[in-house]
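This document opens with one chain alone, in structure tokens, the form predicted on its own.
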């Protein structure tokens, strides 16, 4: 069966998930990470309106936990991860501090961006994580980062996470062309959740064939069922290994689905953009439930162990809310400096060297210092 949203909706309950070749500790960690992310998003969603203290748009990722959980165990500390506006799962995947995510959403000075960015532009430079609201922006910037790693021979890789809507942008195809030609250490992860806001993919594109279209550019491409967390882990692990060995770039297209509205906690079903029975199919194939079924069959999880995990997660979330709500708001002293940087010594040195014809990327660090 050719994998697509149309064929998936006709396939019933998914029964192909297997723990084959997966260490028990890895399987349990995948489950724990998905459950942590789900409960965090549910808690933020539930808290959004009653208190009205979160004043930024939030694009929740409930239903799409498998890819972030898999990435969380595979990314190295010095790898860079770039994300689109549905940012929480990727922030989580990079191991950035969750209490700072909560504080950022509440607009507090202790947030990841000192309360200035909010959810869809959140970044954490110490964790090498960056998101942004510009569609396909994560794709474009990841190409530059990967090129830098290649030129400097650092051994790092870049990962860009985005939805299928980003492939509507010309920047996406420019990224495919350049990264394929240069064989960059770059992994593109497409979480294909079918809809760009309310617009079905097949109302925007002639066919559901992203993988087929990127291969001629020299980009290795694989389709997977994105709610199968062990499959996601195996696929991403194999591709990231090849990238580190110099065999890049690669694209993994994971078919998944968001249960919540495009943005915010409100129900957007009044737009009638989802097909009848579609939500029921994806809830029946919840990535957490699918993995839990196999863990219980193997005797690796029971009610007591899950209850302990739920308590641990609940305490973590409560602590994150407490940290955010007790943190101070930022004090803005200079709006100009928040938007523009007049002092740019590194850029001045690079441009000066380039204008004299002496810029050598392989020697830049030794000549100019770390950059």
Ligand SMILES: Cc1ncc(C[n+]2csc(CCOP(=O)(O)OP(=O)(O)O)c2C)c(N)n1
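If you're wondering where the values come from, they're calculated on a predicted model, not measured in any experiment. Residue numbers count along the first chain shown, from 1.
Keep in mind that the form predicted in complex with this ligand is missing from the display, and what follows is about it.
Trainee: Evaluate residue 281 for contact with this ligand in the model of the complex, applying a 4.5 angstroms cut-off between non-hydrogen atoms, and reply yes or no.
Mentor: Contact check for residue 281: no, nothing within 4.5 Å of this ligand in the model of the complex.
Trainee: Look up in the model of the complex whether residue 124 has a non-hydrogen atom within 4.5 angstroms of this ligand, and give yes or no.
Mentor: Residue 124: no contact with this ligand in the model of the complex.
Trainee: Taking heavy atoms only, is residue 80 within 4.5 angstroms of this ligand in the model of the complex?
Mentor: Judged by the heavy-atom cut-off of 4.5 Å, residue 80 is well away from this ligand in the model of the complex.
Trainee: Is residue 270 close enough to touch this ligand in the model of the complex, meaning at least one heavy atom pair within 4.5 Å?
Mentor: Output for residue 270 is no: heavy atoms all beyond 4.5 Å of this ligand.
Trainee: Since the chain is shown here on its own, which stretch among 281-289, 207-215, 157-165, 244-252 would lie within 4.5 Å of this ligand in the model of the complex, judged by heavy atoms?
Mentor: Heavy-atom contact with the partner occurs in 157-165.
Trainee: Here the chain is shown alone; which of 133, 202, 171, 151 has a heavy atom within 4.5 Å of this ligand in the model of the complex?
Mentor: Of 133, 202, 171, 151, the residue with a heavy atom within 4.5 Å of this ligand in the model of the complex is 133.
Trainee: Just to be sure I understand the contacts: of 86, 108, 220, 294, which is the one whose heavy atoms reach within 4.5 angstroms of this ligand in the model of the complex?
Mentor: Selected option: 86.
Trainee: Could you list which residues of 195-214 come within 4.5 Å of this ligand in the model of the complex, counting heavy atoms only?
Mentor: Result: 195, 196, 197.
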